[in-house]
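In C-alpha cells, one chain follows: the form predicted alone.
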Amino acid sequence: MKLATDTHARSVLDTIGHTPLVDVSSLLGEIETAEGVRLYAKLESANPTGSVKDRIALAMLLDARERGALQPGQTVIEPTSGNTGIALAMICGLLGYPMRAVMPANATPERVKMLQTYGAEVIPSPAELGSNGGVRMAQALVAEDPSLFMPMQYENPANPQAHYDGTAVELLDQTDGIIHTFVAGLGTGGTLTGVGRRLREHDAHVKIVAAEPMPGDPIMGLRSLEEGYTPPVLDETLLDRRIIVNNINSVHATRALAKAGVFAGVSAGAALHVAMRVAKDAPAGANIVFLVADSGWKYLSSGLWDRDLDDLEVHMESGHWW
C-alpha cells in the first residue's frame, strides 16, 4: 500500500517529534476538580526509540557537528540512565558515529539490550552511585581519552533548545495556545526549561511544575536536587513549584495510565501524580498538560506491573528495583 505523501519520511530521523497530545481527563474521575478542568498527556513515547530523549539526542549531535566539535567517525560517549543513551545509539548508528554508554549496573536488561542492538558499547558504572556515579565515570574516561566526544545532556544548551523549538511549539499548536499548567519530571531539567521558557513567552501566567523524586527514593530518569547536583541546563527561576513524589505513588499512577491505554515508564506516573495534585486546585476550564517521557517496554522486567504493591515496595527497598 502506498503511503500518503504527508506521512512519508525520508529517514527515521524525520519522525522525531510531532508527538500526539491525548485527553486523559477520565483519570480525574477519582478527584474533585473545578468544572471543565481537562488533563492532557504529551506522548513522547511515540518517538522512534520510545522516549523524549530522541529530541535532544538529535539536537545535540547536529549542533556539535555544525560547530565542528564532533568530527566524522568520532566516538561519542554519554552517561545515561537509559533513554538518552538509547536515543544517541540509534542516531549515532545512522550518522556514522561509534557510541559508548556509561550506565548504572542495575539498569534493566531491556535497556542494555536496546543499546547493544543499536550498536553501542555499554560500560557499567557502580549501581550504588546512581546516575551521578555514571557522570563521574564518563568524565574520567574522557579525561583519559580526549578523542572521545561527550554531548553531556546535563550541561548542553542544545538540550533545552530542542524543547523550546520543538516540544513547546507543538503544545501551543495542539492546545490553541491555552495551557494553564505544564508538568514534567525533573531529570536533566531540559524539558522544563525549554518548554517553560517558550510557554512563558506566549503567556506569562502559565504555571510550570516539576515532579521531583524524594531524596533517596529514586524514580528512574528523574533526580532530586537535594542530592547535591543541579544540572546546569535547568533554569530554576522558571519553576512555579517543585512537588515531591515517591516511587510507590509513581507506580500507582503508572498503572492508572496503563488502564487508560497509555503504556508508560514510571517517570510518567510521577508526572501524572503531580498533575492530579495540581488539578485539585486548578480554576474552572483549566488545561493541564503533563509529559509522558517514555514507553513502558524498557521496564517489563522490573516488576512494575505484575508485582503486588506491598511486595514491590520491599523489592525496591532491597536495592533491586531497577
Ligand SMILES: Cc1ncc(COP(=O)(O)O)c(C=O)c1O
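Keep in mind it's a predicted model, so treat the numbers as computed, not measured. Numbers follow the displayed sequence, beginning with 1.
The form predicted in complex with the ligand is left out here; the points below concern that form.
The chain is drawn here without the ligand; in the model of the complex, the stretch among 243 to 251, 171 to 179, 139 to 147, 189 to 197 whose residues come within 4.5 Å of it by any heavy atom is 189 to 197. At the 4.5 Å threshold, heavy atoms of residue 222 reach the ligand in the model of the complex. Though the partner is left out of this view, residue 267 does reach within 4.5 Å of the ligand in the model of the complex, counting heavy atoms only. Among residues of the shown chain, residue 44 is not one whose heavy atoms approach the ligand to within 4.5 Å in the model of the complex. In the model of the complex, the ligand lies within 4.5 Å of some heavy atom of residue 293.
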